[in-house]
Structures are given as structure tokens and as C-alpha cells.
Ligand SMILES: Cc1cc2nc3c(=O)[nH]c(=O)nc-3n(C[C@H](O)[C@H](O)[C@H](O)COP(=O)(O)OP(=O)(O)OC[C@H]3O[C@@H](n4cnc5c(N)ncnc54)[C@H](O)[C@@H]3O)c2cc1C
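Heads up, the chain below is alone and in the form predicted on its own; it's given as C-alpha cells.
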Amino acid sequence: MAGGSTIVLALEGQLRLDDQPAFHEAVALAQRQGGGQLVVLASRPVDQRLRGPHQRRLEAQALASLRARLAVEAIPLLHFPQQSRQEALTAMRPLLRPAAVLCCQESRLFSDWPLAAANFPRVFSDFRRRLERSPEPPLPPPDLSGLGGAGQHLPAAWLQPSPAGAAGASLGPPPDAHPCDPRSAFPFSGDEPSALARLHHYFFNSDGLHNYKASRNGLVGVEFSSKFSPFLGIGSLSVRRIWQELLRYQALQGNTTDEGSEWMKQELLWREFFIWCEQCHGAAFHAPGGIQGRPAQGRLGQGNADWERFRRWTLADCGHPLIDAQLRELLATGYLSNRGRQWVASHFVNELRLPWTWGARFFEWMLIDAHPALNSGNWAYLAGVGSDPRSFGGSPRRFDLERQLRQYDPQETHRKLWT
């Protein structure tokens, strides 16, 4: 194979064609070379930590869809799920010496620091107030015509998902290995077409966005919230595409804002805040003391009794019917509502008196939409060591679960569904 004419594009966990600047760079580079060919690489992202069975199922669906779409242009998608980009390139070197290697980047509203890193705010309200520029617009899907043909002499093992149990096998199951639980609030496939269809439905074919602020604390069903986060978590949907479509929705309303669309903007900015906050604070962001640097509380997490409480909690057997119902939903589907996550984290920290980092790591493994920065950011917030402005010098938030049950599940619909 002519090494000077091949461009490798590493997906780095971004499993879509829409709003992918690196794809457009690859197209431009191939055109400058005159007849360059493109190879797409799906390896283990450098910063990826934990990815459990539910999220891996969505990832497999997204990869299968992307592989089929690239195949239309005869562009190969090479699969090295247990190897980093550099390890995969080393393994490929005997047969493939690319002229250039380009890398996709995580989907963010801002491609560089929205505020100066040196004095990045520790609380969200300061972040939102100090923003002086708008998120960047998304790019359309690239025109990949004429870039195929580089996979003709590559081993079949590189071009197909590895069979389960084989040496070097995929970390995840085949797309249809574990059918979705019929009770799941996220019944969708993880691929990009499904993500874009959900986005269009929620914004333009339903009252979902209009009612978002009022309905977002629901517990049962599909339509009480957007369900965008699992697609964002595996990279099959761009957050800048969501923002752009949100602006289009508001324009169709005559540029009159409603509570639902404005609240959705705030939630997207929360996502951005946690991602940049993690980058600002590094390891401290995930440490027991959080960004506040608080000392560890007593002897938490050191005794056998703590481990036993944690073990029972991971089995949805902690003894509180409301919390156990939430955990049963998490175990069965990988999904948990925004309100349910807050209840579980508050109970874990305040009632079970267990280290928040234990709960955060388990969530990162189980959640269908897990993202390290968002997961740790929210857990640290509830544990009183993160970005909650009330917790600076004070105690963490503590939910009255019986009151919450009366307010959000008065008919015990969720508890009955997950008993």
C-alpha cells in the first residue's frame, strides 16, 4: 500500500459523521495530496476510564452503524478496542504507514477555554455569568466521496468486530447481545441516525422541549426528559448540534424564549462547566476532597462494615425501598433519572456514610450515559466537596426522601415498576 497516500483518522470515541472537524481536515488533506485515501480507526480513547455493559451495548450499535455508512464509500473502519491509538498504529505498521494521523476531539460547545484557565470559576453561576461568547456552530457531515479503497489489502480481523471471547475481543457485546429491558426509559439504539431522530422528535415533533423544565424531574417513561445524554456519552451526537437546533427552535417560536428551551441551554452549559472544571483541577476533581480540598471524614471506607454496606448497595439491597428501586432500574437498564441520581447520591453520602468516590466509580461503570467529568462533578456536588455554593464551609445537601417520594412519586409508580 502506498503509505504516502493514506490518512488515518482516529475516532477517539466520537462515533458519528456530523460535526466532526477532523473529518473535514482529512478530506482537505486528501484533496491536497491528490487521490488520498482515508482509513478510520476505532481504538480505546486515551482518557476513557470505565465503560460498563449498558454503555458498551450502545457503543457497539453506534460502531456498527458508522461502519455501514463508511462502507458505502469503501472507507474501512479498523477496530482495535483494547488498544490505544498509538498501540493500534504500531500493530498496523507492517501493512499500513499513513502519511498523516488525525484525531477527533470530544464534543464540546467551545473548542478552547471559554474562560481563562487561570481563574476558572468553581461554581456554575459564576461560569454562566462570565461567559462572553456564544458556542461555536456545528459542521455538517463531510463529503467522503472518492476517499475509499484503502482497505483492500488489510486483514479481515481489523475490519470486523472481534467475536466475543476471542483473543483481543471487543470489550463490549454485539449490538443485539442484550435486548433492552422493556421498562427502560431509554429504549433507543445508540447509533447516530437514532440520536438525530430523537433530537428532531424532542424539539420539533413533540412538546418535550417546551415542557422540559416542568417535566425533567420525572421518573418513569421516555418523554419526561430529552434522553440526549447517552448519545453524548458515546459520541454519536454533537452537543453543538443540540445547541444549534435549540436556537432554531427558538427562532421558529419568533425568538420568544420559553422556560423549557432556556432550561435546556442551562443544562448544556452545566455539561460544559464540568468538563472544563475537570480539565482545570486535574486529579483533585476526582479526589475524595474534591476541588474544595476537604479532609477525609473520619475512618470512612476502612472497615468491613463499610464494604458490606457498599456490596449490598451495588446489589440494590441497601434497605431503603425508594433507593433500592432506583438501583434496580440502574442495574437492569443503565439508566437513572436526574432526580433519582440525586436521591441515591444523597443517601449514599449522608445515610450510608460511605465515600462518594465509591459510588461515583460504580455509577461510571453502570450508567448508560457515563462521562467521568459529569459523573464525578455531580457526585462531588452532592457530597459537599464540589461546585455546590452552599457547601463551601458548610454541609452537603441532604434530601428528605419521604418528602421527595410524596412530591415526585405519590402513586409509587416507579417503586412498583422496579419492585
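Predicted, not measured: the structure shown is a model, and the values here were computed from it. Residues carry their position along the shown sequence, with the first being 1.
The following text describes the form predicted in complex with the named molecule, which does not appear among the structures shown.
Between the named molecule and the residues Val40, Leu374, Val27, Met366, the one pair within 4.5 Å by heavy atoms in the predicted bound form involves Leu374. Residue Ser226 is the only one of Ser226, Thr333, Ser107, Ser261 with a heavy atom lying within 4.5 Å of the named molecule in the predicted bound form. Looking at Gln342, you'd find a heavy atom of it within 4.5 angstroms of the named molecule in the predicted bound form. Proximity of Arg85 to the named molecule in the predicted bound form: non-hydrogen atoms within 4.5 Å are absent; the residue sits far from the partner. Taking the partner from the other structure, the named molecule in the predicted bound form has a heavy atom within 4.5 Å of a heavy atom of Glu267. Though the partner is left out of this view, Tyr212 does reach within 4.5 Å of the named molecule in the predicted bound form, counting heavy atoms only. Note on the interface: of 130-138, 268-276, 318-326, 76-84, the segment with non-hydrogen atoms within 4.5 angstroms of the named molecule in the predicted bound form is 268-276.
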